[in-house]
Each structure stands twice: as structure tokens, then as C-alpha cells.
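A lone chain, given as C-alpha cells: the form predicted on its own.
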Amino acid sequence: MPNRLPEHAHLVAEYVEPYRGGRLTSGQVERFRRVVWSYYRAARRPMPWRETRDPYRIMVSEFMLQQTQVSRVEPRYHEFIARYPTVFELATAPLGEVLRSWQGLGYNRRAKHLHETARRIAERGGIVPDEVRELRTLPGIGPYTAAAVAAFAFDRRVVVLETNIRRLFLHGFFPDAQGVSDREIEPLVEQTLPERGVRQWYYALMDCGAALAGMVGNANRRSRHYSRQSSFSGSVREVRGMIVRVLSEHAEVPLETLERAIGPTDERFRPALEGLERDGMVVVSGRSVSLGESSP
């Protein structure tokens, strides 16, 4: 966001047209689009993945942006793409190297899934699928990521619903409602989609929703799916990251050595290691631990 919002930014915060069920009228759609486009033209947020049409690079950004803020992703995205500019470089890199490149983004399982997905795509000739159904067959790609890649890389008219878009629709169409489900919001997202320029439209929705976070209260708290993210510091997730960091530097580590590196009295070690083993991130063989291999 720019330091100073444009003078008409208040239109985004003031836009409220309660939804009464059924289809939106053409007038409602037109007014909503006018507010969104006017704000976006004045306050578009530049992001490197918005400046490319390369489906691979867009897919990488979507993996990185899962549960991670844009400000943390942007510098790591530049570094990652410089190291792995195409799906083939990523597919042939050792998993440990990929995990080291991922350091600082958290949720290392995403890096492993991205690596596995790159290998599958490379085996198919390096072509990222352009349909949601096919994208959903790849590791680590759920409903949102599949829709996002289809919309942002291929301009597909599919419903994309993430935190900023959800905030905007809750504020504009459900101003007094509590416990609103995504199933109630998705038809409105679909009805307001333009015939062309879907990619830019979603960027505009996201930027308007992000602006709202700084102008009004967090409307997402009225979503049925809202939950506050737990603190990373002191969590089992923190120890999972520490374990992966050690293993990304060494092919295999004795269990005792790994436990000493984390802290022999840390009660989080066992649950973290067991969780990583269940997720296929590590392999525990006897008294040694190694990284799990990416599946083809």
C-alpha cells in the first residue's frame, strides 16, 4: 500500500450494498466494479508475480503466499526465481538445496510439495496445467491455489476467494451479518467477474480488500471460517523448522545429534519429529534421521 491513500479511497470503505439473496442486479454489479476499478487505477500494488505471464513463476508465488505475508515473500521470490528460473531447474535440484532456498518462509512442507509438483510438470514436458481439475492433482495444490493459478496465469473465469477478497465482499455485501460462509460469498464473486481481464480484476479486488484492513475493522472476523493464527514462537512448528534446517545441511544426522542441536530438554522435539515423519518430510531409520525424498 502507498503511504498515503488516494483521496477517493474512502469510497472503498463506504461502499456498502447489503445482499438480499438471489442474483445481483446489473446496477449493483456496475457500481461495485466502478468502486473497485477506480481504487485500483490509483493505488495498484506492484508485485513481481503480477508482472509475468509465466505460469511456473505465478505458481511459485502462490505456493509462497500460502499463509505468508507479501512483505516476507517478495525478496525470497526474487532469490528463488533467480536460482530456479524454470520448472526444470527446480525439478532437478536436490530437495535439501530447495529447502535451504526456502528458509525464512516457514511451512517447509510447501517447499517439498512445490518440488514434487515441479518434478511432475517437468516429466510432462514442463507445461503447467491450465485447468483447475488438473491442477488439483498436483502435490500441495488445493482449491484456492488451483483457482489462483488458473485465473492469474491463464485468465480463467473461476472463483478465487482469499482473505482480502473475502474482507471486501463481507464489508460491501454483508455489513451486519455474522458467521458468513464462503458458500454465500462465492456466487457474488462469480457474478461480478468481468468477461475479460479476470487476472487484473482479481488483483483489483485484493488491493481493495487490503486497503480496507487499514481503513475499517477486520470484516473477516465475521466469516464462519475465521480463526486467529497461533504464535510461531514457542510452537511445535518452530521446532519443525529447526529440524528441517539442520537436515537440509546434512544428508543424514544421528538422532542424538539432532536432538542436541534442538535442545535435549525441549518437549517439542518428539512431537515435531513425529509430525515431520508423518508428513513425509523426514525419514527416521533406526537411530538416524534424513530428509524424505520428493516423490516423482
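Throughout, we count residues from 1 along the sequence that is shown. In this text, rigid core is short for the largest set of C-alphas that superpose within 1.5 Å between two forms. Values in this document were obtained by computation on a predicted structure and should not be read as measured data.
Omitted from view is the form predicted together with the DNA, to which the following refers.
- G140 is the sole member of G126, P175, P94, G140 with a non-hydrogen atom lying within 4.5 angstroms of the DNA in the predicted complex.
- In summary, among the residues A43, L247, L65, V36, the only one with a non-hydrogen atom within 4.5 Å of the DNA in the predicted complex is L65.
- By the criterion of a heavy atom within 4.5 Å, T145 is counted among the residues contacting the DNA in the predicted complex.
- Proximity of M47 to the DNA in the predicted complex falls within the 4.5 Å heavy atom cutoff.
- When the DNA is considered in the predicted complex, G104 lines it closely, a heavy atom lying within 4.5 Å.
- Though the partner is left out of this view, F152 does reach within 4.5 Å of the DNA in the predicted complex, counting heavy atoms only.
- Across the options 126-134, 193-201, 85-93, 105-113, residues that bring heavy atoms within 4.5 Å of the DNA in the predicted complex belong to 105-113.
- Shown here without the DNA, the chain has only M206 in 200-214 lying with a heavy atom within 4.5 Å of that partner in the predicted complex.
- In this overlay on the rigid core, E274 has a C-alpha that sits 2 Å or more away from its partner position between this form and the one not shown.
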